[in-house]
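Just the one chain here, laid out as structure tokens, in the form predicted alone.
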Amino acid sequence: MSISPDLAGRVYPAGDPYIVGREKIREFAAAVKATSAAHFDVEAAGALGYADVVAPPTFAVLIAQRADAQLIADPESGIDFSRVVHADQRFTHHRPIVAGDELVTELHVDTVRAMGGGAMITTRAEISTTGGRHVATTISSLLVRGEE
């Protein structure tokens, strides 16, 4: 099945909130070898003005990928996940992600560009608190390889 260019412009609404956990931030920070004490220690984060530990900037990918999963699971998208290559990821942060945040994400399919037998799909995930405060915007490019 080919990727429909009609996907461009589609919006996937926010699903259930992602509740940011202190231990999840610590585990992620350790995995990406982040060194700031504010990622691990509540007092160190507090000294910088935060209510709890602060996530490394790339933590937003965990939340954005949950939104991307809606697109991939949509039968109308024509995406075979076994043929997906994550080509690019960019972040714009409006404020840090902190343990205790409850985040929701609305996914926008910005572009679909045919490439050979496949397609390059660019999505934009708008991450906000459940109270409506904008937290981050992530731009992701997925290359869906064509059939061989």
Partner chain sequence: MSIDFDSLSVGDSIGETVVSVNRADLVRYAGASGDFNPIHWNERFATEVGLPGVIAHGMFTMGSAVQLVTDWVGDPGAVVDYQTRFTKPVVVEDVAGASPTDAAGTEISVSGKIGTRDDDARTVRVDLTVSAAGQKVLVKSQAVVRF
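Positions refer to the first chain, counted from 1. Please read all numbers here as calculations on a predicted model, not as lab measurements.
What comes next is about the form predicted in complex with the partner chain, which does not appear here.
Engineer: May I ask whether 38, 62 and 96 all come within 4.5 angstroms of the partner chain in the model of the complex, judged by heavy atoms?
Structural biologist: Every listed residue reaches the partner chain in the model of the complex, so yes.
Engineer: Find the only residue in 102, 43, 80, 88 having a heavy atom within 4.5 Å of the partner chain in the model of the complex.
Structural biologist: When the partner chain is considered in the model of the complex, the option within 4.5 Å is 88.
Engineer: Is there a heavy atom of residue 118 lying 4.5 Å or less from a heavy atom of the partner chain in the model of the complex?
Structural biologist: Close contact is absent here: in the model of the complex, residue 118 is far from the partner chain, nothing within 4.5 Å, heavy atoms only.
Engineer: Check residue 54 for me: does it contact the partner chain in the model of the complex (non-hydrogen atoms, 4.5 angstroms)?
Structural biologist: So residue 54 counts as contacting the partner chain.
Engineer: Even though the partner chain is not shown here, does residue 22 get within 4.5 Å of it in the model of the complex, heavy atoms only?
Structural biologist: Answer no; every heavy atom of residue 22 is more than 4.5 Å from the partner chain in the model of the complex.
Engineer: Does the partner chain come within 4.5 Å of any heavy atom of residue 107 in the model of the complex?
Structural biologist: The answer is no: residue 107 has no heavy atom within 4.5 Å of the partner chain.
Engineer: Under the 4.5 Å heavy atom criterion, name the residues of 20-45 that approach the partner chain in the model of the complex, in sequence order.
Structural biologist: Contacting residues: 24, 27, 28, 30, 31, 32, 33, 34, 35, 36, 38, 39.
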